[in-house]
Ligand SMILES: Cc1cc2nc3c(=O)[nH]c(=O)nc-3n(C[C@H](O)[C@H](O)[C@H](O)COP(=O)(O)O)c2cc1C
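Have a look below at one chain only, the form predicted alone, in structure tokens format.
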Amino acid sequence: MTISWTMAIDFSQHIVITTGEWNYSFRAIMNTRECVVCIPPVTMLETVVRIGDVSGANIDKFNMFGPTPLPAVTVNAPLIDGCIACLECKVVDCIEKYGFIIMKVTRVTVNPDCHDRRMIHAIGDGSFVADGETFNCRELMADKLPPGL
């Protein structure tokens, strides 16, 4: 899945993502209690948005969009080739009221071959910023944006 919001919450390798019951991936993460959080470079932006625009409930996103899965070491979910880094994570808590999934990072893989280190940040209206540069993907996300935004 594509997730717009992640955050480190302490210095003990804990991060949090936000999602909820409406999301197929939320249920998968809660069932397996693990995932991999990959940090894509801005060069992967359109692929990332397209992946996030469809549910994995009925399609294989790897086949449809072409990212290359790589084996993880501490979890069963795959890393994604081409990303800046991938964080293998185990779920330690969930605050469903806010959609927070708290995870312990069990392993970090940094891709030395990824030369574009600009990280993508969602603004919330279908636009993204990468190190100060704005990329408008509103057309790609039109079906997910609230009316009038």
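The first residue of the shown sequence is 1; numbering continues from there. Every value quoted in this text rests on a predicted model; they were computed, and no experiment measured them.
Below: the form predicted in complex with the ligand, not depicted.
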{"item": "Partner-contacting position among Val49, Cys94, Val105, Val42 - heavy atom within 4.5 Å of the ligand in the model of the complex", "value": "Val49"}
{"item": "Met1, Ser4 and Lys61 each touching the ligand in the model of the complex (heavy atom, 4.5 Å)", "value": "yes"}
{"item": "In the model of the complex, Tyr24 touching the ligand (heavy atom, 4.5 Å)", "value": "yes"}
{"item": "Non-hydrogen atom contact Ser55 with the ligand in the model of the complex at 4.5 angstroms", "value": "yes"}
{"item": "Gln13 within 4.5 Å of the ligand in the model of the complex, heavy atoms", "value": "no"}
{"item": "Proximity to the ligand in the model of the complex (heavy atom, within 4.5 Å), stretch among 106 to 114, 85 to 93, 24 to 32, 63 to 71", "value": "24 to 32"}
{"item": "Within 4.5 Å of the ligand in the model of the complex: residues from 82 to 116 (heavy atom criterion)", "value": "none"}
